[in-house]
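So this first bit is one chain, no partners, the form predicted on its own, shown in structure tokens.
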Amino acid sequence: MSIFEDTLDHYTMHNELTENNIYSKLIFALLAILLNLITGSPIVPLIIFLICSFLILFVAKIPLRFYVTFMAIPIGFAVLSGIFLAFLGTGEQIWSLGFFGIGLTKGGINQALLVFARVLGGVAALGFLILTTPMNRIFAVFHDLHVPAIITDLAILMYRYIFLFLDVTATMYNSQRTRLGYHNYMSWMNCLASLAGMVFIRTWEQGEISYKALASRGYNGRLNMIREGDSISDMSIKDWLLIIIFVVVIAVAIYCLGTANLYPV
């Protein structure tokens, strides 16, 4: 938890791609996610994952340890989903659990591999945008795209208080641990319930305090923020060429690989 509290914003503002045009990174990420979703072969998402990971680690120079931590949770969910898909898929069964006809099938394994690869590629593409771009510049894009102001303001407040309440939760959790909490199952359940209740109360109280603070500063329903001057017209020819090359390479891979599977059917 602390790694996200202490370093996520730091790395978005201190990497080699921070000052690059936000629209070049946004267009690249959106195209990567789109291509990642339309492919029928798990090989293409893996290629997208490798390209995005290379850009994050060696171009933006985000530390490997932090990147692995960033990817750990979505990969964990992908592994669990893949296990269920492998056992619930259709096709020739290659191994059976011995009851209810449940077992591993070739179709299930290929479907699990495809979903897992798409998660890797999609999260890496989204991570490229998130890890290399400060959130205030992303919110500025919302304004340029004429997203309703209420949605942008809610996103700003949510992003701000996510880290605040993670810090509150971590502090309360450590306090419970120092008082011998979580030492057995019943203690774990009681401490978790108490923690959830207190975080809810603190959230409610902080909402009231924040509104009063905003009202005292002339809040009129809009959050004003400094916006960067990036625009699509400011994108360099180099950025356009790199994006076009990426799209062509992935499109050719999609065409050539088709629905090729990692596990032979």
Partner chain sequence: MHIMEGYLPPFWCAVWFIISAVVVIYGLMQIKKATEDNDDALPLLALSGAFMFILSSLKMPSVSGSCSHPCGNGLGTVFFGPAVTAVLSVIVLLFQAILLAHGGLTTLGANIFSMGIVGPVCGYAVWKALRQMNISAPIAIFFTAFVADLLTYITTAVELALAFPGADMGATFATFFGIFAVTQIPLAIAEGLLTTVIYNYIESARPDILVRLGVISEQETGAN
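Residue numbers count along the first chain shown, from 1. Since we're looking at a predicted model, the values are computed, not measured. What we label the rigid core is the largest C-alpha set whose atoms superpose within 1.5 Å from one form to the other.
Just so you know, the form predicted together with the partner chain exists too; it's not on screen, but the next bit is about it.
Selected contact from Val119, Leu104, Val141, Leu113, since only one has a non-hydrogen atom within 4.5 angstroms of the partner chain in the model of the complex: Answer to the contact question: Val119.
Hey, in the model of the complex, is Phe49 touching the partner chain, heavy atoms inside 4.5 Å? No, Phe49 is distant from the partner.
Within a 4.5 Å heavy atom cut-off, is Asn220 in contact with the partner chain in the model of the complex? Yes.
Non-hydrogen atom contact Ala60 with the partner chain in the model of the complex at 4.5 angstroms: Heavy-atom contact with the partner chain at 4.5 Å: absent for Ala60.
So in the model of the complex, does any heavy atom of Glu205 sit within 4.5 Å of the partner chain? Looking in the model of the complex, residue contacts with the partner chain include Glu205, since a heavy atom lies within 4.5 Å.
What residues, if any, in 193-208 have a non-hydrogen atom within 4.5 angstroms of the partner chain in the model of the complex? Counting only heavy atoms within 4.5 Å of the partner chain in the model of the complex, the contacting residues of 193-208 are Ala193, Ser194, Leu195, Ala196, Gly197, Met198, Val199, Phe200, Ile201, Thr203, Trp204, Glu205, Gln206, Gly207, Glu208.
Please check if Trp204 moves between the shown form and the other one, taking a CA shift of 2 Å or more relative to the superposed core as movement. Trp204 C-alpha, core-superposed: shift of 2 Å or more.
Please state whether Gln111 has a C-alpha shift of 2 Å or more between the shown form and the other one, with the rigid core used for the fit. Shift at Gln111: below 2 Å after core fit.
Does Met172 shift between the shown form and the other one by 2 angstroms or more at the C-alpha, the core having been superposed? Yes, because once the rigid core is superposed, the C-alpha of Met172 moves 2 Å or more between the shown form and the other one.
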